[in-house]
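Starting off, we have a lone chain in the form predicted on its own, written out as structure tokens.
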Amino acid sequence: MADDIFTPDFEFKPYWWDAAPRPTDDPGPMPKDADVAIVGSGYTGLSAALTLAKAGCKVVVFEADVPGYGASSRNGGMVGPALSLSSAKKLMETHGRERGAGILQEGLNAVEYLVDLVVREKIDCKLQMAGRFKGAARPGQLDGMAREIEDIQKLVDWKAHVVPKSQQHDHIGSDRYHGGMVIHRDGGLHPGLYHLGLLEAVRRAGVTVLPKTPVTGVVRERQRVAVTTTRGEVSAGHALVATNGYTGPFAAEFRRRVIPIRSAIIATEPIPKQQMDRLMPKRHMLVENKHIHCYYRPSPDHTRIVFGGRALHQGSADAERENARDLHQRMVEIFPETVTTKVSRYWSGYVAFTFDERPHLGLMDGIHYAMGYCGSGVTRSTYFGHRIAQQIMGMPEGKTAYDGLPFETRPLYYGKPWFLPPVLAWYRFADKVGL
């Protein structure tokens, strides 16, 4: 395919960075000590830092690059409880009815916490709770969606409903799906602006954020934690590893428990309002019910399509262009009238999955952690950061339904997912034949 799908001003850069450029502050002086040292300046780390600082703790946040350089400024900006990622029946079979319901409720609590935080801290991140449409890739999926909604609603107060194919165009201007479901209390925000708002909030609260300060080691030594960096060492009462899909060798035991998977996103050139009204009439967040699915949405100003999915190629700039072409083709398959719509931005980043497909937080070898959001990190990371901060301070409010879940790894896995190609190949086959 020729490069004519790209606009003249095309860039390999997150669209979000246009309105929210990454901070370029020089790292300040290293403190000698802190109550809590946090590794990672994404949503998890900043949310935790804010809760801790407002309780009077001295907090320092370490960042290997510039603040928010990873997934926090590269994601799709979708907000939701992620309940449809978990089979209610499987949750109850695995964890029992009480804990299964508790895990579902945590998702709802996470949404409300994020919404309240945005309001409380006056973060202008274009938050719009317009709902989410999940398209049924095959006709038989609609009945399964109806059963799943019913199962979840027996356990928690979750608002969702099935949309038959005859009413699909009320929610999406595509014939690609066989109906779907609408999740009411979902929405979207501008992830770059959200991150900058959190960063400003933590700095107002007195948190020290140190960019360009890679951590090389975190070790519990009796009553303190030694955090070593390329610029020196800090002694802290507690340490939190909040690096998710960007967890490095310094935290080998955590790295063995998360699976970094690269996701890629394109943003189109501006699209006429009349066309956007046809394609995304309710401005929903949108996703497919497939093993390897696409997720897409209107930009916060409703002028572009932001379209994401798995990055199938990696390495050179040519491989990245192939990813952009692939996403553009998948967008055209859903919305045929976008065949002449060009791509203005392309970027990619890592999300972190876990072996049990659950996020995790807790304490391991004297080090606190929160990570593994399985592709739904905007809401979960904000909430888990808050909860792990409460746990660090010994507050009973920090208790969650996820506490004590085994954080599993696998033999011969050390952080580089060598098994992904055959797994993804199987998922592609399963989607193709309808498994």
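Model, not experiment: these values are computed from the prediction. Numbers for residues come from their place in the sequence shown, where the first is 1.
Omitted here: the form predicted in complex with a small molecule. The next part is about that form.
- The closest non-hydrogen atom of residue 59 lies beyond 4.5 Å of the small molecule in the predicted complex.
- The small molecule in the predicted complex is approached by residue 263, whose closest heavy atom lies within 4.5 angstroms of it.
- The shortest heavy atom separation between residue 77 and the small molecule in the predicted complex is within 4.5 Å.
- A residue is said to contact a partner when one of its heavy atoms sits within 4.5 Å of a partner heavy atom; residue 376 meets this definition for the small molecule in the predicted complex.
- Contact with the small molecule in the predicted complex, defined as any heavy atom within 4.5 Å, is confined among 94-102, 172-180, 328-336, 246-254 to 246-254.
- This chain is drawn without the small molecule; in the predicted complex, the residue among 83, 125, 215, 163 with a heavy atom within 4.5 Å of it is 215.
- This chain is displayed alone, yet in the predicted complex one of 110, 351, 280, 361 has a heavy atom within 4.5 Å of the small molecule; that residue is 351.
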